[in-house]
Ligand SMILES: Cc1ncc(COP(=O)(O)O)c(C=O)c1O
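Let's start with one chain on its own, the form predicted on its own, as structure tokens.
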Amino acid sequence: MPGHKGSGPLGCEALDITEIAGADSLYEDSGILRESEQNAAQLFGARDTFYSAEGSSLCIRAMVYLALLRRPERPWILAARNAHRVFLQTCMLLGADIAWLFDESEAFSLCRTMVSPEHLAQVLSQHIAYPPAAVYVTSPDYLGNENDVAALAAVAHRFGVPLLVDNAHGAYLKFLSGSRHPMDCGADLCCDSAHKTLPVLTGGACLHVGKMAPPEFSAAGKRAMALFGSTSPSYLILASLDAGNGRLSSDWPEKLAGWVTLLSRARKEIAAMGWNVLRSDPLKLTIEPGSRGWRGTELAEQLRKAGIECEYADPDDTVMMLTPNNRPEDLEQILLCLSKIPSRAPLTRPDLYLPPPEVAMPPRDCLMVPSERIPAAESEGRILASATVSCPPAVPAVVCGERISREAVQIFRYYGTEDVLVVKE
């Protein structure tokens, strides 16, 4: 194996190998792959780093498993509501309950859940007798919002609880002039989708273990990854992770600093055009175009016509992600396109609100019951069976086992969800 024998139309087949002599084996590594992961751990300031050729999805599954190893009886996790669907699915498979932390601002956003350290402390203080197996947050989120990971880690540790961070969009934060990476902010575990912001092939990701994390996270890390990962990881992706280490150890951080400056200037230019530019992590351009009469999806389509493909768009926002591998001309093209888009009458956003949901059945039970697909507009009162949400952003508005409220139906309508899978009555 592989059957193409090193030749084919893609041109990369010669590098597409498998577990042959000298190539090491990812989940039983003792040679070149272990050395490469150790190099990555040193680069990211982690005690240990484990490679994934299946994106952060594999890392999230492993993080949940590792957290539950420390609390196998009555396991539960306290999580920010904007968690990726993979987190929810893993908790369902492993039989873990979830208590949700909701966004503390008034305006509902599918992607955003900002959690203050004060609120986290208040919630954890209510569960001193039986604390969660972990606190789980997503930072940065799809819009570029960043939680105060250092403050959240300090609070979680004060209550003896590890902090897990979905840092899929923030691998590059380590290489800013002042690191904002979870490993430097006290997180115990975090996943990095290296392919999202670093020079790595799609699917390349890392699970990092913090230097002060519980020792069993390191001891069982490989077992956790092997439990959920394919026994045939892509060596093309693994090779790109290794090559990425070399790039990150050279002049890439200097190039990153230059792009951070360029994007800071670009935000000011875009704001001067009259666009509402939201605060975001340094490599994102997040525009809320409603004040100029455009929905986020409409603005994305205007940009697409100019040859600019956005990372994400919803009714409220348009998000573009740039990296040091972009060309300065790419940014100039974005600015030129935005300068030519006319203003229209401002849009009025409906008052969306999601009340604390009614949990009608344990999420795990939803895996084993008959279900049916119905129009979302007719789903009020039904129990959601599966979080069928696309990626991006892969963040469900309603979670499996929850009863769909009238407010949730309005949110489905606003975000364009046409049908849902519900428990069959």
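The structure presented is a predicted model; accordingly, all values stated were derived computationally and were not measured. In this text, residue numbers run from 1 along the sequence as written.
One more form of this protein, predicted together with the named molecule, exists but is not displayed; see below.
Novice: Of the residues S57, T49, S379, S36, which one places a heavy atom within 4.5 Å of the named molecule in the model of the complex?
Specialist: Flagged contact: S57.
Novice: By the heavy atom within 4.5 Å rule, which residue out of A96, V200, L110, A168 makes contact with the named molecule in the model of the complex?
Specialist: Checking each option against the named molecule in the model of the complex, the one that comes within 4.5 Å is A168.
Novice: Thinking of T138, S193 and K196 as the candidate spot, does the named molecule come within 4.5 Å of a heavy atom on all of them in the model of the complex?
Specialist: Verified in the model of the complex; spot residues all in contact, yes.
Novice: When the named molecule is placed as it is in the model of the complex, which of 230-238, 144-152, 160-168, 326-334 ends up with heavy atoms within 4.5 Å of it?
Specialist: Residues of 160-168 come within 4.5 Å of the partner.
Novice: Would you please decide whether K174 lies within 4.5 angstroms of the named molecule in the model of the complex, comparing each non-hydrogen atom pair?
Specialist: No, K174 sits far enough from the named molecule in the model of the complex that none of its heavy atoms falls within 4.5 Å.
Novice: Check H84 for me: does it contact the named molecule in the model of the complex (non-hydrogen atoms, 4.5 angstroms)?
Specialist: Taking the distances in the model of the complex, the answer for H84 is yes, it comes within 4.5 Å of the named molecule.
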